[in-house]
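The chain below stands alone and is given in structure tokens; this is the form predicted on its own.
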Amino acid sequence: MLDQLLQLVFNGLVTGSIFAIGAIGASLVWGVLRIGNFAHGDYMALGAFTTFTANVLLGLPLVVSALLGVAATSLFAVLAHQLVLKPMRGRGLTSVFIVTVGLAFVIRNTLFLVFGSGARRFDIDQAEVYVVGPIRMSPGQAITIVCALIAIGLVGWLLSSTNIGRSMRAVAENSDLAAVTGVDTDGLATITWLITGALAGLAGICLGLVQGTFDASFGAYTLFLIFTAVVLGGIGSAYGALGGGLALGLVMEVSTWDGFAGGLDPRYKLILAFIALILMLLVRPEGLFGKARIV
């Protein structure tokens, strides 16, 4: 039973890492730009399908394909900002919310039209298993752990040790004052979307690797979990999103442990996430690390 618990903890860290990567990007957009991007899950799907195209249809190596998927999603996020979201500036949160929902439907249905409704998978041997002590991991899980460590480390360094990170914190605290003191808010918005798109694309690729298969709608049902991680950590807090994502993944997986009176049926893990979200909003609506903060 202990081996099962250790396996579930590992699975939870892998799942939580994916939630964390996606949640950090969504949290940055809110913290810096005050935009709740409801197309974020479909950005993840776009990254996965771009990688699928390069890896399976064009026959490129998975690493090269993943880099192309991340780059494509990042560029798409910037284009969507410039062409769709930036013109909506000053028209209210509700208008932007509706636009991002519409953008999500456009991306999702375009993917359905191009790739169909069938499940897709990357060119990787999902049947292979690596054994490390009591832990068994798939190639997708191993890749996800490595990618998460690199991505989270880079984002942490960017936010804490660069001028870009300091500018993000300044804009998050007071955008008008930051602009007066010389911060290029338009340029910072572009950089924020580049980072957010890259993180969303990477999260989508990792989720596709861990799940084994994916379809055009998988980003839509993941969006709720991403936003749950954001709320748990504190809306606008990148480090909070990291903690919220890891905590959510661990709770969902460990809840199925047999040691908990037989464990929760895996079918109800999503309900558990929903309950966690409701309790957090009732007990501590500002999240674990507060809101409207980058770090």
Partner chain sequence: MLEFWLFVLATAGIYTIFSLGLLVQFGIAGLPNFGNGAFMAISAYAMAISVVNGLPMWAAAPVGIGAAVLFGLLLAIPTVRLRSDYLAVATIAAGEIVRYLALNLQELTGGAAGTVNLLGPGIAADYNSSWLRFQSGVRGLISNLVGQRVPSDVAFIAILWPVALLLLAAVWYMVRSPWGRTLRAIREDETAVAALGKDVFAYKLQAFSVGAALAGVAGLFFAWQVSSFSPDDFRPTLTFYAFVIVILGGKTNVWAVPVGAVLFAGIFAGTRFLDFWPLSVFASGDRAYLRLVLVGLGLIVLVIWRPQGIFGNRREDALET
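Numbering follows the first chain given and starts at 1. Model, not experiment: these values are computed from the prediction. By rigid core we mean the largest C-alpha set that fits within 1.5 Å across both forms.
A second form of this protein, the form predicted in complex with the partner chain, is not displayed here; the remarks below concern that form.
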query: Contact test, all of 119, 252 and 254, partner the partner chain in the model of the complex, heavy atom 4.5 Å; finding: no
query: Candidate from 101, 135, 78, 158 lying within 4.5 Å of the partner chain in the model of the complex - any heavy atom; finding: 101
query: The single option of 126, 185, 109, 211 touching the partner chain in the model of the complex, heavy atom within 4.5 Å; finding: 109
query: Residue 92 within 4.5 Å of the partner chain in the model of the complex, heavy atoms; finding: yes
query: 4.5 angstroms heavy atom contact with the partner chain in the model of the complex for residue 9; finding: no
query: Contact of residue 130 with the partner chain in the model of the complex (heavy atom, 4.5 Å); finding: no
query: Contact flag, residue 84 vs the partner chain in the model of the complex, heavy atom cut 4.5 Å; finding: yes
query: Segment assignment from 68 to 76, 219 to 227, 199 to 207, 141 to 149: heavy atom within 4.5 Å of the partner chain in the model of the complex; finding: 219 to 227
query: Within 4.5 Å of the partner chain in the model of the complex: residues from 5 to 31 (heavy atom criterion); finding: 30
query: Rigid core superposition, residue 13 Cα moves 2 angstroms or more between the shown form and the other one; finding: no
